[in-house]
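Below are two forms of the same protein chain, given as structure tokens: structure 1, then structure 2.
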Structure 1
Amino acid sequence: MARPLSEEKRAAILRAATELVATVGTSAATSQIAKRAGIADGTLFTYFPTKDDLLNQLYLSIKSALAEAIMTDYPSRAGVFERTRHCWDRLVNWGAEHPTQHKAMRQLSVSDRISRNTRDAVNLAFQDINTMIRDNLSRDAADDESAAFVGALITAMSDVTLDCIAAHPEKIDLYRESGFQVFWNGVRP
């Protein structure tokens, strides 16, 4: 009878993968990840059968944590400005508080190793936000490509904002506000 898998080992693997993907990208070797996690190379594959499985689970884990941070107390009945502001502030605050996860997420977001199924699962976690973008912020509410463009703008603007915050953490309030104003002025309905 096989031993049950340890949640602590799984978490250690994901932490190690986060750190390495953030610093060296998706080319991080599984042997490096296992070593940093404090486990034998083969043990990693007990938890994640392939490197792609690991990367997909890592992406899903990071994006789920971000979705939880954004969706906590999400003002679903508020106006579009208040909902957008809530999402922006939570996104920037999360990225500033979790810079390693944010860097790993950026690497994984552009990786072709992340499957369509994983991306679809992530989109479900952001369904309320995606609906708000599609219905209220995109220029053509019937056009999913327009909504995807606005979503990409949010990502790009928040990435720039977080880069500035990383360089000057004492100016977090200024950069969070300035970034939002530039974004909002560009997309407001």
Structure 2
Amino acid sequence: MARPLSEEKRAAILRAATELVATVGTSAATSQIAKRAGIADGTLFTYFPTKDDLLNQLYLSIKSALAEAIMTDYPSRAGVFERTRHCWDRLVNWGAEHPTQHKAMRQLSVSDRISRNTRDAVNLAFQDINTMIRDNLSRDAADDESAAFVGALITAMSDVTLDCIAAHPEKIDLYRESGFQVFWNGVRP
């Protein structure tokens, strides 16, 4: 059968949604997404019962991919600086290599359609990273809020860095480095 299997369809929907959300935001029409995914309007709803569901799962899947990119080859036994540097570089490189996912992710993160549940699940995917932050970077190791603060700072600063890289792709090395300097000088223990 030339038709892709179910899992491929699901992936095609998510891919199409990523591209459209990156371009036009969460107001992208489901029928547009279906068309770009190469399926019928109604089929989308057998994979995602609701547009909100699609958006939430999309957000979760992108964030998970990012978390995985960061944690692959994480040098657990290296020093704080190197571990931090590893995370930053992976984060920025992933964003530079996946600009569409990154744009979609930003659109989704400010949307009110992403539920409490989804945000919790995302935190779960970032658990290891958060732990690392709590242990190494937050001012007060016992303080969850402090860790969340630093985690949010990384995200925010990498977003800015990636915006600049998107505007001037040839300066990726410069911006990755500058961004890290600011971050590290700002938050190092």
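What we label the rigid core is the largest C-alpha set whose atoms superpose within 1.5 Å from one form to the other. Keep in mind it's a predicted model, so treat the numbers as computed, not measured. Residue positions are counted from 1 along structure 1's sequence.
Participant: Among the two displayed forms of the chain, which is the form predicted together with a further copy of the same chain?
Facilitator: Answer to the question: structure 2 is the form predicted together with a further copy of the same chain, whereas structure 1 comes from elsewhere.
Participant: After the core is matched up, is the C-alpha of Asp120 off by 2 Å or more between the two structures?
Facilitator: Shift at Asp120: 2 Å or more after core fit.
Participant: Align on the rigid core first; then say whether the Cα of Ser111 has moved by at least 2 Å between the two structures.
Facilitator: It does, since the Ser111 C-alpha is displaced 2 Å or more between the two structures after the core fit.
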